[in-house]
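Next up is one chain by itself, shown in C-alpha cells, the form predicted alone.
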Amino acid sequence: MPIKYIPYTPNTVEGQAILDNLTRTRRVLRYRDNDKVYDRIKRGLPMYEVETIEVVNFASSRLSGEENLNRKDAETQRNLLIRGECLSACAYLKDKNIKVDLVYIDPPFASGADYAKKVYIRRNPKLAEKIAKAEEELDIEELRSFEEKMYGDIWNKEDYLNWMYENLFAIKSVMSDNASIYVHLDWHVGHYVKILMDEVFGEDNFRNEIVWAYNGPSVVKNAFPRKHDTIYFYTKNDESIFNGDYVPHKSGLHNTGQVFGDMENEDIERVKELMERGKMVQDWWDDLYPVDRVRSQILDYSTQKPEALLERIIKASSNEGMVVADFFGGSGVTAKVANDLGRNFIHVDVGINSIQTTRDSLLQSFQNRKDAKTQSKDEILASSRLCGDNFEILDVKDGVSLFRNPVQTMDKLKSLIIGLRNEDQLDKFWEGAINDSKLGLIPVYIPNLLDHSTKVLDIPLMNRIINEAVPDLPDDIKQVIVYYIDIDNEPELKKFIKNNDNTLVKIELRDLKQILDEVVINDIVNYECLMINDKWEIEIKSFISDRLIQKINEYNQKQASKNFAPLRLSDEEENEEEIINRKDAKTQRIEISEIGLELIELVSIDCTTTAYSWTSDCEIKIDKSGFVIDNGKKTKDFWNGKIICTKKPLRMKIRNIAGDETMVNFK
C-alpha cells in the first residue's frame, strides 16, 4: 500500500483535440477508460516507502575527511538512480520538492515486441588464459551468451494511452517553470501521443517534431524501409532554455567575392561571423549514427540510444548545473551524457538491470575523467559542486521488486501460487485456477504488473470483475480468488462487493505481496577471507546459481535437436591442446564448471558499515571478454577469483551475470 498520495492537479489545456472525441465506425478509442484514469489522477501520485540501496561517492576517495565534509555541505542537488515506476518516482521527487529542468523519455513504443538484454558467460578464472588463446581461433560469441527478457512491449492502444496520459501528467508536475520535455517514439503510437501532449502541455508549447533518421538493414518487403524515429519537443511555458546546435556550412568561406558582392563592410563581417559559426541544426537529424554504428558505446541493452543524440538534446535545452531526468532510463545513456556535460541527473527504471548497467557505466565514466586529467583537490571540489561524481541508488518499495523486472516477476508468480494451473476453459482475464477438493475449480486473478492500470484494486476494477468476469464463468464455479498489489480503501471495496455482487460466487481478496515477501532468491557463495601482508584477500571458491543453471539448461535443450557435440570450455580437466584441436566443433551448447565462477559479473566489498545503505569501498567487475574492471578502471587482466581490500571487509555483494545480487556478512 502507498504511504500516502501526493496531490497534483490535472491542468489540461482547454480547447485541445482529445482522443475521446475521435469516433470510429466500429469502435471508440478511449484513453480515460470511463474516467477511471482521470479519477486516479485526481486522487494523486502513489507515494511508497523508498530505501537507499547504495551511495556512490567517487570523488570522496581522493579527498580527506574534512574536505569531504565541506563538500557535502556545499552540495545542493542529488544525483539519483531510482528503481521504480515513473508515477512512484515522480511522487518521491514531488514530496522532496525536487524539480527537473529537462526531461527526455524513450518509453515503450507499443510495438508488440519482446526486448532482451544479452547475458554473457564469463571465463572460468582457472582457465582464463587457455580459453583466451583458444578464442583467437574459435568463433564462440554465441556459445558464451544467451538473452534475458527485459520487458514485453505488448499493449492495446487504449491501455497504452491510459498509461502515457498518467505518466505525462506526473512528469509535468515535477518540471520546473522553464523546463522542456522530449518524447522519443516511432510510427506505432507517436501520432496518438502527440495529441495527448497537446492536451497536457498545450499546443502552443509545441516546439518541434524532430525526425531522427538512420540507416541499416530492413526486413520490410512490401513497403519503403522504416528508418526513422520521431521525437516530440514541448516546453512547459513560453520561457524555456534553448541553445541551438550548429554544424559547418557546406559552402565554407571560399569564393568570398561572389558571396558578398557589393555588401557593406559591416554586413560582410556579420555574414562571415555567421558562416564561421555554422548552420543551425534543423528538425531533420540524419548525422547521428545509431548505437550499433558506435561500437565503443554498446552496452548490449535493447533500445539503447547513441550518446550523440542525447548530447544534442541536453545541450539544446539545459545549462550546466541543471537537472536532467529520464523516467524510462534503460541503459542510462541520458544520465551518463548529462553528467559528462556538467548537469545533474535523475535516472528511473523498473528493471534492476537498468540500474546496474547505469551504475557501472557512471563509475567507468568517472574513472575515465580521472585518467584523462590529474585533478587537483580544488578542481575535484569544483567539479563535484557542478554535477558531482556521486549518486544515490533508491529502491521504491512497491511490492513488486523482488525480481529484476516485471516480466520476470509475472513469469515467476504461477510457480509461487501453490496448485495454480492453466485452464483453457477460462477467459484470459483469469491467470489460471486451483482445484480444491471441496469447492472444485477456483479461478485466480493476478494483476498484470506490466499494466499500471491494474496495479490498484479499486471499485472500477472490482465492478468489472463482478459484472463482466464472474458472470462469464462456468455455472459450477463457487469461488474466485482476486490477488492485488495495492488496494484502494479496503472497507469501502468490501462494502461495494456486498452491495453489488448478485452472483452466488464468493470473492476472496488476497495480498500478492505476502507471496512475494516469503520468497528469497539467493545464490550460494563459498569463499575464504584471509589477511595477507596487511591487506585483506577474499577468494571466491565456488558460486552456485540455481536460477541461472536452469536458464542455461533450457537454452541447451533448445540446441539439443541440432545434434552438436558439446564443447567444454569451462571444465578444469580440459587442457589447452584439447580445446584448440576441437576448433571445428559447431556447437552452441553452454556448459558451466563445478566451481561456477563464470556466472559472476561483479564483486563489491563494503568496509564501512553493515547497518545502512551499501558503500562499495572496493570492487571488481568482469566484462564480457573476461577482463577485470578494477574500481571503474579497465584493465587487460583476467580475473583470478580474488578481490583485495586495504581495509577490513564487513560484507560482500556478488552480482551474477543476469543481475541477481547476493549479500553475505563476514564473521
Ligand SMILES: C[S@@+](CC[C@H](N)C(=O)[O-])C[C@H]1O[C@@H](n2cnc3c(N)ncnc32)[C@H](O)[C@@H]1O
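Not measured: the values here are computed from a predicted model. For every residue, the number given is its place in the sequence shown, counted from 1.
Just so you know, the form predicted together with the named molecule exists too; it's not on screen, but the next bit is about it.
Within this chain, residue 331 lines the site of the named molecule in the model of the complex, having a heavy atom no more than 4.5 Å away. The named molecule is not shown here, and in the model of the complex it never comes within 4.5 Å of any heavy atom of residue 290. Taking the partner from the other structure, the named molecule in the model of the complex has no heavy atom within 4.5 Å of any heavy atom of residue 240. Taking non-hydrogen atoms only, residue 479 never approaches the named molecule to within 4.5 angstroms in the model of the complex. 350 is the sole member of 80, 350, 170, 322 with a non-hydrogen atom lying within 4.5 angstroms of the named molecule in the model of the complex.
Just one of 86, 590, 396, 93 comes within 4.5 Å of the named molecule in the model of the complex, counting any heavy atom, and that one is 86. Checking 537-545, 492-500, 415-423, 322-330 against the named molecule in the model of the complex, the stretch whose residues place heavy atoms within 4.5 Å of it is 322-330.
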